[in-house]
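Encoded as structure tokens, the following chain is the form predicted alone, with no partner shown.
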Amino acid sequence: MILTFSNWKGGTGKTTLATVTAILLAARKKHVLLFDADSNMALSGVFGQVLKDFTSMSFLSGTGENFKGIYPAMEYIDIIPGDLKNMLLNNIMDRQLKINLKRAGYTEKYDYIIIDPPGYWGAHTRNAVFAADVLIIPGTCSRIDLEATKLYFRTLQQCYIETETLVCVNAFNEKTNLPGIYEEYRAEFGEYLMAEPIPYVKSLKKLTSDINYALQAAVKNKLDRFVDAITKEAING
């Protein structure tokens, strides 16, 4: 299964959620491949895999076959790192990533492939969206994030994206949220909005700076339910 975390606005928490999802799936002994399509290389930085010889740029610009850029990130997790020059690679088909992942055999080798694209609507983001089995669009409880998420969602609809799409309210805090903003998310996205928001907890940021950081049980339980929802793990066994 290919999971893409995407919004064309930065700061919505897509890299954090991609990290959390990968670590929780690895804890279930699922084999995960991370694909960092962002020139900011945030996901690569989390796992200490930056400025490598082989990157997501070289994967996309090739055929995918005999690729040498698979780096071990932690037990059960491998990564194809990001590249500072990714923004320069624009002459690629929107489905090149999906084609190359299949050609390389990664869709069969790994239980899950998690893609973290840039926070803008460019070639890498389109590739990440078209490759996905499930597209997760995170947004925080701010007016800017809501409007950006609405615009992104409508753009995807205009592109006739058939991928299963889920909108996730991230960094939810009843005390500090903009009043009424969560209700606006529910009114706007209806059945596409995930049932539970991701709470604002400082430990999630600690996890992105230390992948071995132990989450509190209550936080982990809520995040496990998030992973269940996006992967259908709880339903399918």
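Fair warning: this is a prediction, and the values are worked out from it, not measured in the lab. In this text, residue numbers run from 1 along the sequence as written.
From this point on, the text means the form predicted together with a small molecule, which you will not see here.
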Check: Does the 4.5 Å heavy atom contact test between Gly119 and the small molecule in the predicted complex come out positive?
Finding: yes
Next item on the list: Verify the contact flag for Thr21: yes if a non-hydrogen atom of it lies within 4.5 Å of a non-hydrogen atom of the small molecule in the predicted complex, no if not.
Entry: no
Next item on the list: May I ask you to state whether Val201 is within 4.5 Å of the small molecule in the predicted complex, using heavy atom distances?
Entry: yes
Check: Is Asn170 close enough to the small molecule in the predicted complex to count, meaning some heavy atom within 4.5 Å?
Finding: yes
Next item on the list: Could you tell me if all three of Thr149, Glu184 and Gly190 have a heavy atom no more than 4.5 Å from the small molecule in the predicted complex?
Entry: no
Checklist line | Partner-proximal stretch of 201 to 209, 23 to 31, 59 to 67, 174 to 182 relative to the small molecule in the predicted complex, 4.5 angstroms, heavy atom | finding: 201 to 209
Notebook entry, point to check: Hey, the CA atoms of Thr208 and Asp224 end up closer or farther in the predicted complex than in the shown form, with the change being 3 Å or more?
Noted result: farther
Margin query: So the CA-CA distance for Thr208 and Ala195 moves by at least 3 angstroms in the predicted complex. Closer or farther than here?
Written below: farther
